[in-house]
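Just the one chain here, laid out as C-alpha cells, in the form predicted alone.
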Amino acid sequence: MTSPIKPPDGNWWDQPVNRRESIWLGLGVGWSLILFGWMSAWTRVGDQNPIGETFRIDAEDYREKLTDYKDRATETDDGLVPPDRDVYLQAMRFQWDGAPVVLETGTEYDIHLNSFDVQHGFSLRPEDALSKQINLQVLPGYEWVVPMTFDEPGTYHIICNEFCGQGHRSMHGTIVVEEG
C-alpha cells in the first residue's frame, strides 16, 4: 500500500533546516524539558499527592471491620467518635456508611476507604472553602488507607464525585473536626 502523501523530491533529509525553524524546535524542546522538570519536582516536593496503602479485600470482610469500628466508636449528636486513630468509611449507593465522624485537629488519622458496590469518588472539602479539597477514587474490592491530619476545625463535606446511579447527587456525608 502506498501513502497518499507524495514524498518530497531529492535528498530532503540532507537539506539544512531554516534558522527560524531551528529556533522554534529549540524553544519547544526547552519548554518541554522545563515542564517535565516542574512536574517531576511538584510530585516529589509538592506534598499534594495522596499517599497511603491499598489492600485487596472482600466487601463483606470490610463490612465486618466497619461494624466492629462502629460498635467500638462513641456515638454523639455530631457523629461517631473513633476509638483510636483509625476511621472506617464505606461507600455504597447512595450513602457513606461510618459518617458522620467527629475528629480532633492536630491528630493524624488513618482513613480507611472502601466501596461496597460500584466505583465511587471521595471528595473531601471544608464547608467554607470549596477550593481546598482532596479527590480520591474508591473501588470495590480494595481498602485504601489514607493518613490525614486536619489543621482547622469545622465541618468537612464528603461528596461522591463519580457517577454511581440515580441517587448519586444525594450521596454525601460529613466529618466534623473539633479543636483538639
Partner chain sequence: MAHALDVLGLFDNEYRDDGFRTCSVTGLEVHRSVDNYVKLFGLTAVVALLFGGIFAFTVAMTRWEVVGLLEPADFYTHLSMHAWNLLIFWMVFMEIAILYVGGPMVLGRRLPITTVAKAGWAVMVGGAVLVNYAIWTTEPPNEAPLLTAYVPMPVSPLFYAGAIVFILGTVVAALPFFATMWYEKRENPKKTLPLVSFAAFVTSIIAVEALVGGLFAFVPTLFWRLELIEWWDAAWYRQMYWIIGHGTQQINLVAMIAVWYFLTHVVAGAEVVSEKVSRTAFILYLFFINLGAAHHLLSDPAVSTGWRLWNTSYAFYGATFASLIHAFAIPAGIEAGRRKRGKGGGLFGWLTSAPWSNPVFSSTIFSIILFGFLGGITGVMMGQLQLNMTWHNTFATVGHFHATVVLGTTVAFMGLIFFVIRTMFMRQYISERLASIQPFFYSAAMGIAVLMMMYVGILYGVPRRTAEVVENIPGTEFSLSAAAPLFAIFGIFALLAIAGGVLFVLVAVGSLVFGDRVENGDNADLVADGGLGMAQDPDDPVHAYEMRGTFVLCLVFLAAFAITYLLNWYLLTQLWSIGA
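Each form is matched to the other, and the largest set of C-alpha atoms that superpose within 1.5 Å is called the rigid core. Numbering follows the first chain given and starts at 1. Remember, it's a predicted structure, so these values are computed and weren't measured experimentally.
The protein also exists as the form predicted in complex with the partner chain; that form is not presented, and the subsequent description refers to it.
Contact check for E64: every heavy atom lies farther than 4.5 Å from the partner chain in the model of the complex. When contacts are judged by a 4.5 Å heavy atom cut-off, R125 counts as touching the partner chain in the model of the complex. Although the partner is absent from this view, D151 contacts the partner chain in the model of the complex, with a non-hydrogen atom inside 4.5 angstroms. A residue is said to contact a partner when one of its heavy atoms sits within 4.5 Å of a partner heavy atom; D117 meets this definition for the partner chain in the model of the complex.
Each of S3, P8 and R20 places at least one heavy atom within 4.5 Å of the partner chain in the model of the complex.
Residues of 141 to 166 placing a heavy atom within 4.5 Å of the partner chain in the model of the complex, in sequence order: Y142, W144, V146, P147, M148, T149, F150, D151, Y156, H157, I159, N161, E162, F163, C164, G165, Q166. Core-aligned CA deviation for G167 between the shown form and the other one: less than 2 Å. The Cα position of T149 differs by less than 2 Å between the shown form and the other one after fitting on the rigid core. Relative to the superposed rigid core, the position of the CA of S40 differs between the shown form and the other one by 2 Å or more.
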